[in-house]
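Only one chain is included here, represented as C-alpha coordinates and corresponding to the form predicted on its own.
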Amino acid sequence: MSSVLRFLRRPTNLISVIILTLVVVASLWPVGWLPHDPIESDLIKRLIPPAWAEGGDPAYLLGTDNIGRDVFSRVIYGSRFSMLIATSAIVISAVLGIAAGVIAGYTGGRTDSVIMRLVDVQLAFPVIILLIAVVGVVGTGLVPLILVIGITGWAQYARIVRGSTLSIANTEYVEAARALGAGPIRIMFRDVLPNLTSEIIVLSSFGIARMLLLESGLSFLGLGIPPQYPSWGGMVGDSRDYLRSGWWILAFAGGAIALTVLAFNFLGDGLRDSLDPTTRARVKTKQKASK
(Lines give C-alpha, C1' and ligand atoms only; values in the text may rest on other atoms or scores of the structure.)
Protein backbone atom coordinates (compact mmCIF):
# COMPACT_ATOMS: atom_id res chain seq x y z
CA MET A 1 0.00 0.00 0.00
CA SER A 2 2.84 2.41 0.81
CA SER A 3 4.36 1.87 -2.64
CA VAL A 4 1.00 2.67 -4.24
CA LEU A 5 0.73 5.88 -2.22
CA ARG A 6 4.27 6.87 -3.22
CA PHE A 7 3.37 6.23 -6.84
CA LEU A 8 0.24 8.41 -6.59
CA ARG A 9 2.10 11.28 -4.90
CA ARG A 10 3.60 12.17 -8.25
CA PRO A 11 1.07 14.52 -9.91
CA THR A 12 1.46 13.07 -13.42
CA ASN A 13 0.90 9.55 -12.09
CA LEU A 14 -2.24 10.59 -10.23
CA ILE A 15 -3.63 12.48 -13.23
CA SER A 16 -2.94 9.56 -15.57
CA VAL A 17 -4.67 7.12 -13.21
CA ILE A 18 -7.72 9.40 -12.96
CA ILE A 19 -7.95 9.83 -16.74
CA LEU A 20 -7.57 6.10 -17.43
CA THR A 21 -10.12 5.27 -14.73
CA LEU A 22 -12.61 7.57 -16.47
CA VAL A 23 -11.80 5.95 -19.83
CA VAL A 24 -12.38 2.47 -18.39
CA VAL A 25 -15.67 3.56 -16.81
CA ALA A 26 -16.76 5.10 -20.14
CA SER A 27 -15.87 1.93 -22.05
CA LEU A 28 -17.99 -0.15 -19.64
CA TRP A 29 -20.89 2.32 -19.55
CA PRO A 30 -24.16 0.65 -20.65
CA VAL A 31 -25.52 1.90 -23.97
CA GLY A 32 -28.98 2.25 -22.49
CA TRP A 33 -27.72 4.83 -20.00
CA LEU A 34 -26.39 7.17 -22.67
CA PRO A 35 -28.44 10.33 -23.35
CA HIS A 36 -28.93 9.39 -27.03
CA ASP A 37 -28.47 6.42 -29.31
CA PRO A 38 -24.84 6.65 -30.51
CA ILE A 39 -25.61 4.96 -33.84
CA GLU A 40 -29.03 6.32 -34.83
CA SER A 41 -28.88 9.37 -37.09
CA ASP A 42 -31.24 12.33 -37.47
CA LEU A 43 -30.45 14.57 -40.44
CA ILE A 44 -32.73 17.30 -39.12
CA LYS A 45 -30.37 17.75 -36.15
CA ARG A 46 -27.07 17.53 -38.02
CA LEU A 47 -24.11 19.74 -36.98
CA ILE A 48 -25.71 21.23 -33.86
CA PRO A 49 -22.95 23.04 -31.88
CA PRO A 50 -22.13 22.11 -28.27
CA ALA A 51 -24.67 23.15 -25.66
CA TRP A 52 -22.66 26.17 -24.47
CA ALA A 53 -21.92 27.51 -27.97
CA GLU A 54 -24.13 29.82 -30.01
CA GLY A 55 -26.95 27.81 -31.58
CA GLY A 56 -26.33 24.87 -29.26
CA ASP A 57 -29.03 22.60 -27.86
CA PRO A 58 -28.93 21.64 -24.14
CA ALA A 59 -30.06 18.13 -25.13
CA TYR A 60 -26.75 17.63 -27.00
CA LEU A 61 -23.92 18.47 -24.59
CA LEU A 62 -21.11 18.17 -27.16
CA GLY A 63 -23.24 18.81 -30.25
CA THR A 64 -24.05 16.47 -33.12
CA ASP A 65 -22.07 15.20 -36.09
CA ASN A 66 -22.62 15.46 -39.84
CA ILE A 67 -25.60 13.06 -39.84
CA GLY A 68 -27.18 14.15 -36.55
CA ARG A 69 -25.65 11.67 -34.08
CA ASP A 70 -24.90 12.83 -30.54
CA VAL A 71 -21.13 13.42 -30.21
CA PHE A 72 -21.09 12.90 -26.44
CA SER A 73 -22.78 9.51 -26.71
CA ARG A 74 -20.46 8.49 -29.55
CA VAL A 75 -17.33 9.52 -27.64
CA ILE A 76 -18.44 7.45 -24.64
CA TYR A 77 -19.59 4.49 -26.73
CA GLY A 78 -16.58 4.69 -29.03
CA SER A 79 -14.19 4.32 -26.11
CA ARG A 80 -15.12 0.65 -25.77
CA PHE A 81 -14.14 -0.15 -29.36
CA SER A 82 -10.93 1.87 -29.28
CA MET A 83 -9.84 0.40 -25.95
CA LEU A 84 -10.95 -3.13 -26.89
CA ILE A 85 -8.84 -3.03 -30.04
CA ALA A 86 -5.81 -1.50 -28.29
CA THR A 87 -5.82 -3.83 -25.27
CA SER A 88 -6.56 -6.97 -27.28
CA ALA A 89 -3.82 -6.12 -29.78
CA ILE A 90 -1.26 -5.48 -27.04
CA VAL A 91 -2.03 -8.89 -25.51
CA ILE A 92 -1.33 -10.58 -28.84
CA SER A 93 1.86 -8.55 -29.33
CA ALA A 94 3.03 -9.27 -25.79
CA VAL A 95 2.44 -13.02 -25.97
CA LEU A 96 4.21 -13.39 -29.33
CA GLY A 97 7.04 -10.98 -28.56
CA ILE A 98 7.76 -12.20 -25.04
CA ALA A 99 7.84 -15.84 -26.14
CA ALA A 100 10.13 -15.02 -29.06
CA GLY A 101 12.41 -12.82 -26.94
CA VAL A 102 12.80 -15.33 -24.11
CA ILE A 103 13.49 -18.21 -26.51
CA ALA A 104 16.00 -16.17 -28.51
CA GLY A 105 17.82 -14.85 -25.46
CA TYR A 106 18.00 -18.15 -23.61
CA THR A 107 18.77 -20.59 -26.42
CA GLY A 108 21.10 -18.33 -28.44
CA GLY A 109 22.88 -19.67 -31.51
CA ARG A 110 20.99 -20.17 -34.74
CA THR A 111 17.57 -19.80 -33.09
CA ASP A 112 18.56 -16.40 -31.74
CA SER A 113 19.91 -15.31 -35.14
CA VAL A 114 16.75 -16.35 -37.00
CA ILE A 115 14.39 -14.64 -34.55
CA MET A 116 16.43 -11.45 -34.48
CA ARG A 117 16.59 -11.30 -38.28
CA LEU A 118 12.81 -11.60 -38.34
CA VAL A 119 12.66 -8.74 -35.85
CA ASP A 120 14.93 -6.65 -38.09
CA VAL A 121 12.73 -7.37 -41.10
CA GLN A 122 9.61 -6.44 -39.15
CA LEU A 123 11.09 -3.18 -37.89
CA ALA A 124 12.41 -2.26 -41.35
CA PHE A 125 8.89 -1.67 -42.68
CA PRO A 126 6.97 1.51 -41.75
CA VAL A 127 4.25 0.20 -39.46
CA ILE A 128 1.33 2.18 -40.86
CA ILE A 129 2.18 1.25 -44.46
CA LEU A 130 2.51 -2.41 -43.47
CA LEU A 131 -0.84 -2.26 -41.68
CA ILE A 132 -2.54 -0.65 -44.66
CA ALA A 133 -1.17 -3.36 -46.95
CA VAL A 134 -2.22 -6.21 -44.67
CA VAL A 135 -5.67 -4.78 -43.96
CA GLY A 136 -6.14 -4.29 -47.68
CA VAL A 137 -5.55 -8.03 -48.14
CA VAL A 138 -7.44 -9.51 -45.16
CA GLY A 139 -10.23 -6.92 -45.13
CA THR A 140 -11.65 -4.66 -42.43
CA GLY A 141 -13.57 -5.59 -39.31
CA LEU A 142 -13.07 -5.77 -35.56
CA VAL A 143 -11.33 -9.17 -35.36
CA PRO A 144 -9.07 -8.70 -38.42
CA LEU A 145 -8.04 -5.26 -37.13
CA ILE A 146 -7.11 -6.65 -33.71
CA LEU A 147 -5.13 -9.51 -35.23
CA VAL A 148 -3.30 -7.32 -37.74
CA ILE A 149 -2.30 -4.63 -35.22
CA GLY A 150 -1.39 -7.24 -32.63
CA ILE A 151 0.77 -9.38 -34.90
CA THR A 152 2.70 -6.40 -36.27
CA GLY A 153 3.63 -5.20 -32.77
CA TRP A 154 5.56 -8.23 -31.48
CA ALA A 155 9.03 -7.11 -32.61
CA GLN A 156 9.48 -4.39 -29.95
CA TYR A 157 8.72 -6.88 -27.18
CA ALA A 158 11.03 -9.52 -28.68
CA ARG A 159 14.04 -7.20 -28.91
CA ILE A 160 13.80 -5.78 -25.39
CA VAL A 161 12.88 -9.08 -23.71
CA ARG A 162 15.71 -10.85 -25.52
CA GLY A 163 18.25 -8.36 -24.15
CA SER A 164 17.00 -8.79 -20.59
CA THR A 165 16.93 -12.57 -20.95
CA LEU A 166 20.58 -12.59 -22.00
CA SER A 167 21.55 -10.95 -18.70
CA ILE A 168 19.30 -13.20 -16.60
CA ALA A 169 20.32 -16.47 -18.29
CA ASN A 170 23.75 -16.42 -16.61
CA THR A 171 22.65 -15.58 -13.08
CA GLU A 172 23.30 -17.93 -10.17
CA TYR A 173 19.72 -19.06 -9.65
CA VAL A 174 19.40 -20.03 -13.32
CA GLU A 175 22.68 -21.98 -13.09
CA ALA A 176 21.34 -23.65 -9.96
CA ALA A 177 18.15 -24.64 -11.76
CA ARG A 178 20.22 -26.19 -14.55
CA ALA A 179 22.33 -28.09 -12.00
CA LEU A 180 19.16 -29.49 -10.44
CA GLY A 181 18.15 -30.89 -13.83
CA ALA A 182 15.48 -28.38 -14.84
CA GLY A 183 14.78 -28.34 -18.57
CA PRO A 184 15.04 -25.24 -20.81
CA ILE A 185 11.29 -24.70 -21.02
CA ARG A 186 10.91 -24.84 -17.24
CA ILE A 187 13.80 -22.44 -16.72
CA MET A 188 12.58 -19.99 -19.37
CA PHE A 189 9.02 -19.76 -18.12
CA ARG A 190 9.48 -20.49 -14.41
CA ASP A 191 12.77 -18.74 -13.62
CA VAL A 192 13.48 -16.20 -16.37
CA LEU A 193 10.03 -14.88 -17.28
CA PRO A 194 8.91 -13.86 -13.75
CA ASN A 195 11.96 -11.60 -13.51
CA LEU A 196 10.83 -9.72 -16.60
CA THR A 197 7.49 -8.70 -15.09
CA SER A 198 8.38 -5.06 -14.42
CA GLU A 199 9.73 -4.53 -17.94
CA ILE A 200 6.68 -6.19 -19.48
CA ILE A 201 4.31 -3.97 -17.48
CA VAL A 202 6.11 -0.80 -18.57
CA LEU A 203 6.30 -1.96 -22.21
CA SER A 204 2.59 -2.77 -22.20
CA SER A 205 1.68 0.65 -20.85
CA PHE A 206 3.57 2.39 -23.67
CA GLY A 207 2.35 -0.25 -26.13
CA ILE A 208 -1.34 0.37 -25.48
CA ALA A 209 -0.83 4.05 -26.32
CA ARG A 210 0.91 3.04 -29.55
CA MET A 211 -1.84 0.57 -30.46
CA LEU A 212 -4.49 3.22 -29.81
CA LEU A 213 -2.74 5.59 -32.22
CA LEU A 214 -2.43 2.86 -34.87
CA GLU A 215 -6.12 1.99 -34.56
CA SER A 216 -7.04 5.66 -34.78
CA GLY A 217 -4.87 6.12 -37.86
CA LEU A 218 -6.42 3.15 -39.66
CA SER A 219 -9.94 4.19 -38.69
CA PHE A 220 -9.18 7.73 -39.91
CA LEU A 221 -8.24 6.23 -43.29
CA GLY A 222 -11.44 4.16 -43.38
CA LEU A 223 -9.61 0.87 -42.76
CA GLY A 224 -10.81 0.32 -39.21
CA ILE A 225 -13.99 -1.22 -37.87
CA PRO A 226 -17.24 -0.81 -39.84
CA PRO A 227 -18.39 2.83 -39.83
CA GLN A 228 -21.70 2.09 -38.09
CA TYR A 229 -19.72 1.32 -34.92
CA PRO A 230 -18.07 4.44 -33.52
CA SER A 231 -14.40 4.62 -32.63
CA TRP A 232 -12.41 7.72 -31.81
CA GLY A 233 -10.29 7.42 -34.94
CA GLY A 234 -13.38 6.91 -37.08
CA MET A 235 -14.97 10.02 -35.59
CA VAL A 236 -11.87 12.05 -36.42
CA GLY A 237 -12.05 10.68 -39.96
CA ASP A 238 -15.72 11.68 -40.24
CA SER A 239 -14.87 15.24 -39.18
CA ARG A 240 -12.24 16.00 -41.84
CA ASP A 241 -14.80 17.49 -44.23
CA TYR A 242 -16.43 19.57 -41.47
CA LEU A 243 -13.48 21.30 -39.79
CA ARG A 244 -15.23 24.68 -39.95
CA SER A 245 -18.88 23.79 -39.66
CA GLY A 246 -18.38 20.96 -37.14
CA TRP A 247 -15.07 21.58 -35.39
CA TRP A 248 -16.38 20.01 -32.18
CA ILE A 249 -16.40 16.51 -33.71
CA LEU A 250 -12.64 16.65 -34.25
CA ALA A 251 -12.01 18.48 -30.98
CA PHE A 252 -13.71 15.99 -28.67
CA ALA A 253 -12.80 12.76 -30.47
CA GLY A 254 -9.22 13.91 -31.04
CA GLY A 255 -9.03 15.21 -27.49
CA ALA A 256 -10.10 11.81 -26.15
CA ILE A 257 -7.32 10.13 -28.15
CA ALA A 258 -4.70 12.66 -27.05
CA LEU A 259 -5.62 12.53 -23.36
CA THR A 260 -5.71 8.73 -23.28
CA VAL A 261 -2.38 8.37 -25.09
CA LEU A 262 -0.76 10.95 -22.80
CA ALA A 263 -2.18 9.18 -19.74
CA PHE A 264 -0.74 5.83 -20.83
CA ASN A 265 2.64 7.43 -21.57
CA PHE A 266 2.72 9.20 -18.19
CA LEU A 267 1.68 5.94 -16.53
CA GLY A 268 4.50 4.12 -18.32
CA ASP A 269 7.02 6.72 -17.14
CA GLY A 270 5.76 6.44 -13.59
CA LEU A 271 5.81 2.65 -13.58
CA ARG A 272 9.32 2.62 -15.02
CA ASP A 273 10.55 4.95 -12.28
CA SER A 274 8.78 2.92 -9.60
CA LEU A 275 9.75 -0.58 -10.79
CA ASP A 276 13.32 0.04 -11.94
CA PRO A 277 15.71 -0.28 -8.95
CA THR A 278 18.36 1.87 -10.67
CA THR A 279 15.91 4.71 -11.24
CA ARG A 280 14.59 4.47 -7.69
CA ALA A 281 18.10 4.68 -6.28
CA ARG A 282 18.90 7.69 -8.47
CA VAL A 283 15.72 9.49 -7.37
CA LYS A 284 16.48 8.83 -3.69
CA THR A 285 20.01 10.15 -4.15
CA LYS A 286 18.69 13.36 -5.72
CA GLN A 287 16.15 13.77 -2.92
CA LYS A 288 18.86 13.40 -0.27
CA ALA A 289 21.12 15.83 -2.09
CA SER A 290 18.35 18.42 -2.30
CA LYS A 291 17.82 18.20 1.46
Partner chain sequence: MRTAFLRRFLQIIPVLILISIVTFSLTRLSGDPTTLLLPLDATEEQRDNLREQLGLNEPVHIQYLTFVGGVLQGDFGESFRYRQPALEIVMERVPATLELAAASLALALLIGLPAGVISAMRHGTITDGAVQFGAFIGQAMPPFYTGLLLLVFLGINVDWIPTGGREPGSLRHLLLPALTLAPFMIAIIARFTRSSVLDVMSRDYVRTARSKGISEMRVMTQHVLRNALIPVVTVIGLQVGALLGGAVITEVVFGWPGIGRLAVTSVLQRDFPVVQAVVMLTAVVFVFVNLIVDLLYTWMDPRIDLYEGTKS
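Worth saying up front: this structure is predicted, and the values here are computed from it rather than measured. Numbering follows the first chain given and starts at 1.
Quick note: we don't show the form predicted together with the partner chain, though the next part is all about it.
Worksheet item: Looking at the partner chain in the predicted bound form, do all three of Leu20, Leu28 and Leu147 come within 4.5 Å of it through at least one heavy atom?
Response: Zero of three within 4.5 Å in the predicted bound form.
Practice prompt. Report the residue, out of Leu180, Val95, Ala133, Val143, that has at least one non-hydrogen atom within 4.5 angstroms of the partner chain in the predicted bound form.
Written response: Only one option qualifies, and that one is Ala133.
Worksheet entry | Interface residue in the predicted bound form among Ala59, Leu43, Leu243, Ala53, criterion: non-hydrogen atom within 4.5 angstroms of the partner chain | Going through each option in turn, the one that passes is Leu243.
Practice prompt. Please name which of the stretches 123-131, 147-155, 104-112, 75-83 has residues with heavy atoms lying within 4.5 Å of the partner chain in the predicted bound form.
Written response: Going through the listed ranges, the match is 123-131.
Practice prompt. Indicate whether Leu34 is a 4.5 Å heavy atom neighbour of the partner chain in the predicted bound form.
Written response: Residue-level check for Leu34: no, no contact with the partner chain.
Worksheet item: Taking the shortest heavy atom distance, is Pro226 within 4.5 Å of the partner chain in the predicted bound form?
Response: So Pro226 does not count as contacting the partner chain.
Worksheet item: in the predicted bound form, does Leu118 have a heavy atom within 4.5 Å of the partner chain?
Response: Yes, contact at 4.5 Å.
Worksheet item: Taking 4.5 angstroms as the cut-off for heavy atoms, does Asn66 touch the partner chain in the predicted bound form?
Response: Heavy-atom contact with the partner chain at 4.5 Å: absent for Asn66.
Worksheet item: Considering only 248-265, what residues come within 4.5 Å of the partner chain in the predicted bound form, judged by heavy atoms?
Response: Heavy-atom contacts to the partner chain in the predicted bound form: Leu250, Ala251, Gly254, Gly255, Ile257, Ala258, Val261, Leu262, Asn265.
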